[in-house]
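This document opens with one chain alone, in structure tokens, the form predicted on its own.
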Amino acid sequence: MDGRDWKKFLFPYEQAVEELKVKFKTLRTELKSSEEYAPIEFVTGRVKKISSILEKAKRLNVPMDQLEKGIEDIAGIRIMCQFTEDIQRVAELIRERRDFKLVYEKDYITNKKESGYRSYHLIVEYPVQTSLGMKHVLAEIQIRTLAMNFWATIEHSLNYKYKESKLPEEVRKRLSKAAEAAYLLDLEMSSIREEIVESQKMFEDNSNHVSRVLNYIQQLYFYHRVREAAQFQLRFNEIWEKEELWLLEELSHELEAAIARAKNEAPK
């Protein structure tokens, strides 16, 4: 393939990655809104580089005219989770979707690789609408925790440097040991999951209250209630200085009432 052929070949994969990223980010927002907790922490995606495609095709003995079926991860989506329990929840949500076809799954968490690699992979067939009609491309969705991802990123860098067959034995052993440490970290975090989630929710609620209060104060200035707005600002400053953030919700309600009065008294 020349440069133009590669660009044409990769375009459907690029489109698939962008669309899947949007869909999973939207799913995260929906779950956050309906359940107050989303098992998806964040989503990334990439299209494999041409050099990586060629290297993998050579390693797997995939002919150039069989790349679309022989290499399943040209389009790649990575979904990061906080806890190991979240991984199966996300996998189940993917299985239930009807906007693409699940081809098969690879569980490298229950059955870790010899190197220590852990992750959950799903191969899907995703329909892309092109100028020439509908095209179905394969994409790999990886689901893993932040700790698993940190380890996998380091391993990938080292394998790129040494090439897998030449990775020094000492480095292999230390990588394997680090993989177990990362897994133990995930287990430890899962054991205090409720406390972590509760703390995160509290932090997010306080952040939302702060934003709401400051926005309401700004609205009072808009209605020329300068003295009233200044008094609320002083109360907010006092609450913030004393770190009595539980009082912000009450202050927010008072501000809502003040804004309602201001709207009613505003000239028509």
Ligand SMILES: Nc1ncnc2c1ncn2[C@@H]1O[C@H](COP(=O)(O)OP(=O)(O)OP(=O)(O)O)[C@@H](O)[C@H]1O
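Every value quoted in this text rests on a predicted model; they were computed, and no experiment measured them. Numbers follow the displayed sequence, beginning with 1.
Unshown form predicted in complex with this ligand; subsequent notes refer to it.
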query	finding
Which of 195-203, 48-56, 24-32, 236-244 sits within 4.5 Å of this ligand in the predicted bound form, heavy atom basis	48-56
Contacting member of 208, 44, 219, 231, with respect to this ligand in the predicted bound form [4.5 Å, heavy atom]	44
This ligand: the contacting residue among 77, 91, 179, 109 in the predicted bound form [heavy atom, 4.5 Å]	77
Close approach of residue 166 to this ligand in the predicted bound form, 4.5 Å, heavy atom	no
Partner contact for residue 173 in the predicted bound form: this ligand, 4.5 angstroms, heavy atom	no
is_contact(residue 84, this ligand) in the predicted bound form, heavy atom dist at most 4.5 Å	no
Residue 161 within 4.5 Å of this ligand in the predicted bound form, heavy atoms	no
Heavy atom contacts to this ligand in the predicted bound form at 4.5 Å, residues of 125-149 in sequence order	140, 142
